[in-house]
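Taking the form predicted alone, here's one chain by itself in structure tokens.
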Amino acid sequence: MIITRPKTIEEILTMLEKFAPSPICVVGCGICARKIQTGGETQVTSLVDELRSHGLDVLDGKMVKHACSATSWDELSEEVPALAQASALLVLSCGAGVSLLGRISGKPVLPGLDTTSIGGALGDDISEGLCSMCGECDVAIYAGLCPKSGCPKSQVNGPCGGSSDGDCEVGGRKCIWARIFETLDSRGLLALLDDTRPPVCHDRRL
């Protein structure tokens, strides 16, 4: 799941003033953004109403099944021919969805959300930053707890000097290395940490 958070209405209004001809259509995404309630039906309707209250010409608000799928966009375009009248799209999805629609819609596309990380959902709880997309997944060594995404310094060979009593020096979180140690210890697998890991190879992301 890709984690997003809403841009402020001031940010959106500034973007629309700079970049978007009217009328615009607000497009939500039916997958991740809908799940975490940043780009579902409720958020699309609310944003349409707010933009109209600021005097903007908003054609409509629609949901695309997957903003990151060309097929979903084609299906929505067939279902809603009026989309062709929109001069620009304001998209409530992750950056991948915004970028794809920017390539295939033939219209100016603006992001209504900021993409922050890859995370997951456990019931109504959303966990952020579960993967850093490093291109070199070795999370099995760390009991499934990725230090590249879970540690602010992306330490791959143990905690830094800022860790204290199992807490990260960055407030409000437990040190991921304390969790890794506890989990591996409970499984009798601490030997997995004996070898020194090389630095992250960022070329793998290319």
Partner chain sequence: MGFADVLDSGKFIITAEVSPPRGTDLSGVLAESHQLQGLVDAVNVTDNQRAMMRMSPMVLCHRLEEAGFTTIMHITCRDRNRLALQSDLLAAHALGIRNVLAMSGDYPTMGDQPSAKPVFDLDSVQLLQMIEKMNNGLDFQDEPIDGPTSLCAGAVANPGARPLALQLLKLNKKVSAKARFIQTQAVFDAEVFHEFADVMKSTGIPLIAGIIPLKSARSARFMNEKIPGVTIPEDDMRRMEAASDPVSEGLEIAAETIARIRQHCRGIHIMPVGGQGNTRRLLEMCGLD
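Numbering follows the first chain given and starts at 1. Just so we're clear, the structure is a prediction, and the values are computed from it rather than from any experiment.
Same protein, other form: the form predicted together with the partner chain, not shown, and the subject of what follows.
key: Residue stretch of 168-176, 43-51, 59-67, 24-32 approaching the partner chain in the predicted complex, non-hydrogen atom distance within 4.5 Å   = Single hit among the candidates: 168-176.
query = Would R204 count as touching the partner chain in the predicted complex under a 4.5 Å heavy atom rule?
reply = Flag for R204 set to no.
task = Give a yes/no on whether T196 approaches the partner chain to within 4.5 Å in the predicted complex, heavy atoms considered.
result = Although the partner chain is absent here, T196 would touch it in the predicted complex, with heavy atoms inside 4.5 Å.
ask   = Is C146 close enough to the partner chain in the predicted complex to count, meaning some heavy atom within 4.5 Å?
value = Answer no; every heavy atom of C146 is more than 4.5 Å from the partner chain in the predicted complex.
task = Would you please decide whether Q37 lies within 4.5 angstroms of the partner chain in the predicted complex, comparing each non-hydrogen atom pair?
result = No - in the predicted complex, heavy atoms of Q37 and the partner chain never come within 4.5 Å of each other.
ask   = Of 153-183, which residues get within 4.5 Å of the partner chain in the predicted complex if you count heavy atoms?
value = Sequence-ordered list: K153, Q155, V156, N157, G158, P159, C160, G161, G162, S163, S164, D165, G166, E169, V170, W177, A178, F181.
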